[in-house]
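In structure tokens, the next block holds one chain alone, the form predicted on its own.
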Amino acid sequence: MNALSRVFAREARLAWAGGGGAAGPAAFFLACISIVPLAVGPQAERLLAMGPGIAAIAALLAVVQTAERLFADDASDGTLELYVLMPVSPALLALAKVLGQAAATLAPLPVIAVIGGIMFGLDFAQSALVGLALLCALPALALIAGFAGALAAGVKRGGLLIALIAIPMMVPALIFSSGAGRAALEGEWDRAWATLLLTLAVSLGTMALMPFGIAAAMRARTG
């Protein structure tokens, strides 16, 4: 556990020291939700209907754009080999690494989603549910992006490869997180809470399985 906590802390520290921490994803997310009215028009009903979906799509893209650095630097400086040789489960190590980076870079996104929901015309309760749904989806999004980042580690200009791998796998989390917000918007709160639980179930399932995929990708990159 001490080794895992150190890996978690290292990733959080590196995210702030070398990548600006949460500033990049937060600015990207905010820019995405801010330019939508300029593209689709100022009609209140249209923006209201699109709010939950736009928040989910913006979060997905913000997570993907953080994935390239997660394993690329470790692959280039030999840290990845040291991780594989550590007397710790590679899957647990991968989980600590991804969640450490996600905690440092993605934490503001649910808060911005609440503000964005209000900006799109949702009331506070509906906006809060959109933010909560995004919070439930973030572990799944981060781990899937981490898996794609591990597969693309050491590949020049791996951002496109990461997007091609990660985005299709993120679709269930995208559907359920935006679906919770849409159900709340329609006043169907029972369905909204049920969909929120499905979003959480997707994240928990991803947390149980995806670290093994990341560990296998790490071994492949060091073998």
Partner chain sequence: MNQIAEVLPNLAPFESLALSVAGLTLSRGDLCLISDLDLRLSGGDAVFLMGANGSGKTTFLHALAGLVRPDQGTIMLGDRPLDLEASEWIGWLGHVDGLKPNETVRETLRFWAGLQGERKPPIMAVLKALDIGHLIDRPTGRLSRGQQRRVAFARVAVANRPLWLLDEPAGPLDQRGRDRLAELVAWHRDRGGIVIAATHQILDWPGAETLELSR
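Remember, predicted model here, so these are calculated numbers, not experimental data. Numbering follows the first chain given and starts at 1.
Just so it is clear, the following notes concern the form predicted together with its partner chain, a form of the same protein that is not shown.
- Using a 4.5 Å cutoff between non-hydrogen atoms, Leu14 counts as a contact of its partner chain in the predicted bound form.
- Among residues of the shown chain, Asp123 is not one whose heavy atoms approach its partner chain to within 4.5 Å in the predicted bound form.
- Contact check for Ala107: every heavy atom lies farther than 4.5 Å from its partner chain in the predicted bound form.
- Among residues of the shown chain, Val84 is one whose heavy atoms approach its partner chain to within 4.5 Å in the predicted bound form.
- Residues of just one listed stretch (69-77, 133-141, 148-156, 110-118) have heavy atoms within 4.5 Å of its partner chain in the predicted bound form: 69-77.
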